[in-house]
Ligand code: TUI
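In C-alpha cells, the next block holds one chain alone, the form predicted alone.
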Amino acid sequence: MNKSEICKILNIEYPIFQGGMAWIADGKLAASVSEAGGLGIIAGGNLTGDAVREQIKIARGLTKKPIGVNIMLLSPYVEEIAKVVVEEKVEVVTTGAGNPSKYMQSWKDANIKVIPVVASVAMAKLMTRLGATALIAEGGESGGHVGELTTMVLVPQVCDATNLPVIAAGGIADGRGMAAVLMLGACGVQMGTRFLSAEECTIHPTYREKILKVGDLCTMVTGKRSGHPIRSLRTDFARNYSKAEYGGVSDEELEQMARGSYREAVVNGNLNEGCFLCGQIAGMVNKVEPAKDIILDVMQGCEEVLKRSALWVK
C-alpha cells in the first residue's frame, strides 16, 4: 500500500493506532506496537501523573519510535498527566471522554501532535478549529466510552466536516474493516479489542480467555443514565450494574459499584466485580499472536481487499 498521510505526519510505517485502553495499554504494549510500525498508545486512564511517567519511560526503554498517550479527560489526575506528556516530550496525545480544549494550546506549544477522539460532527468541527493534528472518529461499536453513532455512519460525516486526516475506530479487527473505512474517507484505523490478543498485552488470563471465546452478541452498554455510556463484555457484573442502573439505585451507589471495576477485570480477572471493556468485534478475535503479526495481518488483508475492489469497476 502507498504511505498514508497520517504515516508521514507521525513518522510511522503503518496507519494503525493501538487504542488507549484503561489499565491495559501500558508501556510494554505501546512499545511493541510502535516498534512494529504502528502507533502504540499508553492509557492514562485514572493513573496518577507519576504512574503515566513511569509507563512512558518503560516504552522509551523498549523503542525509539514515536509513542502516544491517551488522556481520559474524566480522570481526577488529568491536570497532572497533561503536564507529564509535555515534560516527557511525548510525540502524540489522543484524548477521550470529554473536550480537550483547555489543554490543546499547551500541547501544541510543546510540538505534541494532538489527535482527539470524536463521536460527533460538532466535536470534529470544534477540534478542527482549535488546531488538532488529526481526528479519531470512533463509532459506538468500540469498547469503553462510546457515542451514539456507528462507525459506518460517523466516519464519512466527519471526513466531510474537516480537512484533517481522520482515523476510524470501532468495529475494526482485520483488513476488511480497514479497507472499508479507507473507502469511507479515513486514512488509518485505531484498534483496541484486536490488541487484547497480543502476546505483549498483560491482561489477566481470564480476560483473554473470554475475548478468545465470545461470539457476536457478547457485549452490552451500561452507564447511559450517568451520561457516560460504556461498552463491555456481557458478564455478571455488567448485568447487575444494568439492573441497578434502572432499578432505583442512587447515583452514589452506582458510582461505588463501578469504582475499581476496570482494575478488577484487567488485574484480577474478577467476573463478578470486574468490568471487561470490549468492542463488538471481539467475536473475530480468536488467537494470541505478537503485535507485529497483528499489524502485518491487517495491512496485508487490507491490501488484498483493495486489489479485488477493481472487480467492481467497469
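We number the residues from 1 along the sequence you see. Quick caveat, the model's predicted, so the values are computed rather than measured.
One more form of this protein exists, namely the form predicted in complex with the ligand; it is left out here, but the text below deals with it.
- The three marked residues, Ile172, Lys213 and Val285, fail to reach the ligand in the predicted bound form, with no heavy atom of any inside 4.5 Å.
- In plain terms, the part of the chain that comes close to the ligand in the predicted bound form, with a heavy atom within 4.5 Å, is 112-120 out of 112-120, 235-243, 85-93, 159-167.
- Taking a 4.5 Å heavy atom cutoff to the ligand in the predicted bound form, the contact residue among Leu184, Leu149, Met72, Met104 is Met72.
- A single residue from the set Cys218, Val78, Ile230, Ile203 has any heavy atom within 4.5 angstroms of the ligand in the predicted bound form; that residue is Ile230.
- Using a 4.5 angstroms threshold between heavy atoms, Ala31 stays clear of the ligand in the predicted bound form.
- For Arg208, no non-hydrogen atom is located within 4.5 Å of the ligand in the predicted bound form, even though that partner is not displayed.
- Among heavy atoms of Gly144, some come within 4.5 Å of the ligand in the predicted bound form.
- Using a 4.5 Å cutoff between non-hydrogen atoms, Ala180 does not count as a contact of the ligand in the predicted bound form.
- Residues of 205-219 are not found to place any heavy atom within 4.5 Å of the ligand in the predicted bound form.
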